[in-house]
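Form predicted alone, single chain, as structure tokens, below.
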């Protein structure tokens, strides 16, 4: 399944069922009807239009509603059975699971998975699958059907009583109820070789070919294609690429992996790659640039090498999931391990049962960063969770510092990615208007990692420069008086009418926003969950129509009596 399933619900009562289904699939999205559903990932206003648009995108569709509604909505689009995505109708409480469309794209497998989660039987009506417990048109991911056009007649012949001969190895076939016989009239052939099917034969290519990159070069894709063609091997049997760990950043190898769509794994062993990785390969082709080995079954290469570890440092934004970027949501969906302050881990939302969580105290940043590298260096996909933006007083800096201080080559081989988020100052500014419309700075009032004298000096010079200021970490139990000192410093250099914005828990249920002036500001109005925005000499506040206020800082700088056409 390449695209994430979309789960459509019409009412609030379906939300818990939808969440259970979403937990079964990475990156699944819950779509709720606008005005009726709270807490969905996305909203829509018209069921039919939304369903048709998602269907045309090729998205697997799971709708918690009556089957008839879905059928009537999609009827105008039903023309190509080969291209249709899976479509399922699910009862509001999960008591019925009905696969409607997508017999060639895995709808019955999805129905079985969802039904199992609710301890019910899926309403599968496909004759071949009911009789034999297998859908020959939809093999497991480690096999590819070479001649799908022959499968319909093939299944009809099986249902009519024909016996089946199996050539090759396949636990998928052997576990089914297919009528296997040594001299059957029908044949299923499991082979990695290019073969023309005979009449009454289905050919499946198992993913058993491993490509070892001995010497990277720019034309790997074409070179491997020629080797396969000369050896009579089928490209669909390609399973994975192996490379030496010291080549983990090689652009030629990474480009080849992207072009071929194959997983890339690494080994530390020097010398030829695949002989060390595939026990007694059935066939071995060794060249200067690549080594190709063919395993007996796909299971024989499951443990070949290890994937390149990935560490993604993400920012969730202010707290509301709708302000979390799609890139960050994708990282959360594919993560094996998540690390972060416990509060931020909870903000990340519902996680899968197989994801490992390492929640720690907010003061253990360097230990957390080193732990993340150890996990990623072992080949795992790791996500470091921050709120806001990870590069603004957050975990990206600790991760960089830990890497900078380390001479461990496996740490430096990790695929390190920083995914941005919306920082608190930007979230607060968007609610207040545009107070950051001109030059501004962000200053943390915490003196845990820098002296208070440095903070005072920066406030002083920022005030002299007439910049808008955003104060993070303004007060805490350990330092209740420092905001008061900052306010006194500001009052020496700013007028009493200077606009001030107090933004607390923006993007979270307890969100609050206050527009005041510098003369009104005092430290007991603020806590650690508040961002304080202090305007410049040009920052203005005016009344909104509904009794609230807007605050903004003009993009020009200078005398407010300048001509209107000033640029």
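Predicted, not measured: the structure shown is a model, and the values here were computed from it. Residue numbers count along the first chain shown, from 1.
A second form of this protein, the form predicted together with a small molecule, is not displayed here; the remarks below concern that form.
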If we test each of 341, 256, 373, 471 for a heavy atom within 4.5 Å of the small molecule in the model of the complex, the one that passes is 471
One residue of 529, 52, 27, 514 in contact with the small molecule, assessed in the model of the complex (non-hydrogen atom, 4.5 angstroms):
529
Heavy atom of residue 41 within 4.5 Å of the small molecule in the model of the complex:
no
With heavy atoms only and a cut-off of 4.5 Å, decide whether residue 540 touches the small molecule in the model of the complex.
no
Taking the small molecule as it sits in the model of the complex, is residue 59 in contact with it (heavy atom to heavy atom, 4.5 Å or less)?
no
I'd like to know if residue 500 sits close to the small molecule in the model of the complex, meaning any non-hydrogen atom pair within 4.5 angstroms.
no
Heavy atoms within 4.5 Å of the small molecule in the model of the complex: which stretch among 391 to 399, 195 to 203, 100 to 108, 487 to 495?
391 to 399
